[in-house]
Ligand SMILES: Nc1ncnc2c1ncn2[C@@H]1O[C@H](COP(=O)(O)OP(=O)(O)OP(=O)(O)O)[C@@H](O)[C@H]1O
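The chain below stands alone, shown as structure tokens; this is the form predicted on its own.
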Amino acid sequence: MSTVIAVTGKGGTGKTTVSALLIRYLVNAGHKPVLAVDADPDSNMPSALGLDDSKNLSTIGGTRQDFFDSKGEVPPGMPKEAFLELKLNQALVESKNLDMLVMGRPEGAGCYCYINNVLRKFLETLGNNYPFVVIDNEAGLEHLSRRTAQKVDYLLIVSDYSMNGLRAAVRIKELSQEMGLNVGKNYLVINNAPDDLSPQFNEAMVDTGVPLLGILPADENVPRYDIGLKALTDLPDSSPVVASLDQMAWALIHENK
């Protein structure tokens, strides 16, 4: 049975960085293959994982819209559900140690109930083929709210070193509860933090009511790799954010057993 980790937070806090480096740890620790799900419409995960040039990326959203626009027309003799699952499988980007699904754009106008039911079944079946599924989510939790993931073992809420980031973390925690999401544990991750946190910030972290999983330091390698169009998974072990993330990931996986 797979372990599902969803990463969310306010825009610009480094959700994709955390997701990519978490996947890096899982692969290097032998927990492979990993299924990466890019559920943010901005779709930055392919470049962070070095998979953006692997093929002309298809998205789940595009597949869903094309099927809806075609009014479910399928080849003769082929069941409609089997045809849709075939198209969904074609959106899967496969590599040696990890595979990736890009959710893409949200739904357009019209009723997608049947398509979403097939999508949920597809993702549930597909996810069971991987020891870990990592979802890089948008702050709105749209895909989780539509139950495209049946369960989430760990919801990592990423904040930067700002009060706005912490306030957004509280709203996300409350939103997940209001939606009745099947979340095992919530954790707070502080990204791009200075060496010394202010007393006010430390107090505000406690006030969120979300257990702190880890603090990731500011690391000049991250923007340098981004500007150089290098995959974040290629960051060296000596990179400060990699070392901190590896410790955080080890604690998440081993201390919660």
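Numbering starts at 1 and follows the sequence shown. On a predicted model such as this, the values are computed, not experimentally measured, just so you know.
A second form of this protein, the form predicted in complex with this ligand, is not displayed here; the remarks below concern that form.
- Contact annotation: Lys15 falls within 4.5 Å of this ligand in the predicted complex, judged by heavy atom distances.
- Using a 4.5 angstroms threshold between heavy atoms, Leu213 stays clear of this ligand in the predicted complex.
- Using a 4.5 angstroms threshold between heavy atoms, Gly11 counts as touching this ligand in the predicted complex.
- Contact check for Gln65: every heavy atom lies farther than 4.5 Å from this ligand in the predicted complex.
- Between 57-65, 195-203, 24-32, 217-225, the stretch whose residues reach within 4.5 angstroms of this ligand in the predicted complex through a non-hydrogen atom is 217-225.
- Here the marked residues Val37, Asp99 and Asn186 all miss this ligand in the predicted complex; none has a heavy atom within 4.5 angstroms.
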